[in-house]
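Before any questions on binding or motion, here is one chain by itself as structure tokens, the form predicted on its own.
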Amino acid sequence: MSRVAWVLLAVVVCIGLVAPFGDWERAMTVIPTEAGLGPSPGHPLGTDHLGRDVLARLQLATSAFAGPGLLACAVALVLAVPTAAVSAYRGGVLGSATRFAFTSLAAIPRFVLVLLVLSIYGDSPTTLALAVGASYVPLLGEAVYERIERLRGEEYVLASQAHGLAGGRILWVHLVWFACGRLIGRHLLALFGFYLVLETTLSYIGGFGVQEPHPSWGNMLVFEWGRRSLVDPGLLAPGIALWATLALTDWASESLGEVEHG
């Protein structure tokens, strides 16, 4: 199996692992008589201090970042790639204006920009996804712009133009798809990881993000912190799940980079 196939497989597995398969009733129902139980056949990861099943909450918590994280990637893809690609291919005033817009937006720290949007428009998962996706536009756009600007003068591009190949085909097929495809994939994987870390952090510190009683890996950690030992599954499970998902995302991103430069 080629490296590209392994990368695609890793991405599919990552999305499959975070799909919301949790049992809503087991995750949300408070059963005081079962509070703080250790692992058992009925509760493989035990229960939290309110008697809710940890495994069900761990699975249900993936809905806090899986769908919104993909939405953030879609927002960045739609806003950054067409704008950067067309501007870089044509150059001139359009190219200069686009790079100025990317630079101006990039001057605002992403975390600050996201918090500002959440403070104004609310902290729903959709709003958070839109804000995170928009905040990543300068980084993705600049990367695509630089790649296409460098390649538009290559001999194969000039030869395609000389043979009458349509400009749209040269841009979208040869430059964006073939020359920038893996570059865009690496950035989208990085963006998905950034969204996961940000949502978990916001849920952990409170005020923004998913809050109790709805589960998130972040609020699961803070909810049990101080009530369970550090080796208890109620604390270990969300931490390990977070680490494993980020590690897989990072590995897939680096693998795309190796294929691109191999």
Partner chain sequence: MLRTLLGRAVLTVSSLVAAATAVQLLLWAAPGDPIDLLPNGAELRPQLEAEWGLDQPVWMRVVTNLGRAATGELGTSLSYRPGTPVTEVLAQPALNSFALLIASLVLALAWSAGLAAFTRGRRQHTSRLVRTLSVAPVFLLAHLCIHGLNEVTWSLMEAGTIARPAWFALPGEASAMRTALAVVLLAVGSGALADMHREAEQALISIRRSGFVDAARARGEPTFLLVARHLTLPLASLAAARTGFLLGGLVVVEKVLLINGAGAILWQAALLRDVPVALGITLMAATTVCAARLAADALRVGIDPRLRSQA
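Positions refer to the first chain, counted from 1. Because the structure is predicted, anything quoted here is derived from the model rather than measured.
Separately, the form predicted together with its partner chain exists; it is not shown, and the next lines address it.
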Looking at its partner chain in the model of the complex, do all three of 74, 165 and 183 come within 4.5 Å of it through at least one heavy atom?
-> no
Could you confirm whether residue 130 comes within 4.5 Å of its partner chain in the model of the complex, counting heavy atoms only?
-> no
Check whether residue 107 has any heavy atom within 4.5 Å of a heavy atom of its partner chain in the model of the complex, and answer yes or no.
-> yes
Indicate whether its partner chain has at least one heavy atom within 4.5 Å of a heavy atom of residue 221 in the model of the complex.
-> yes
Counting only non-hydrogen atoms and a 4.5 angstroms cut-off, does residue 202 reach its partner chain in the model of the complex?
-> yes
Interface check vs its partner chain in the model of the complex: of 143, 115, 157, 137, the one with a heavy atom inside 4.5 Å is 115
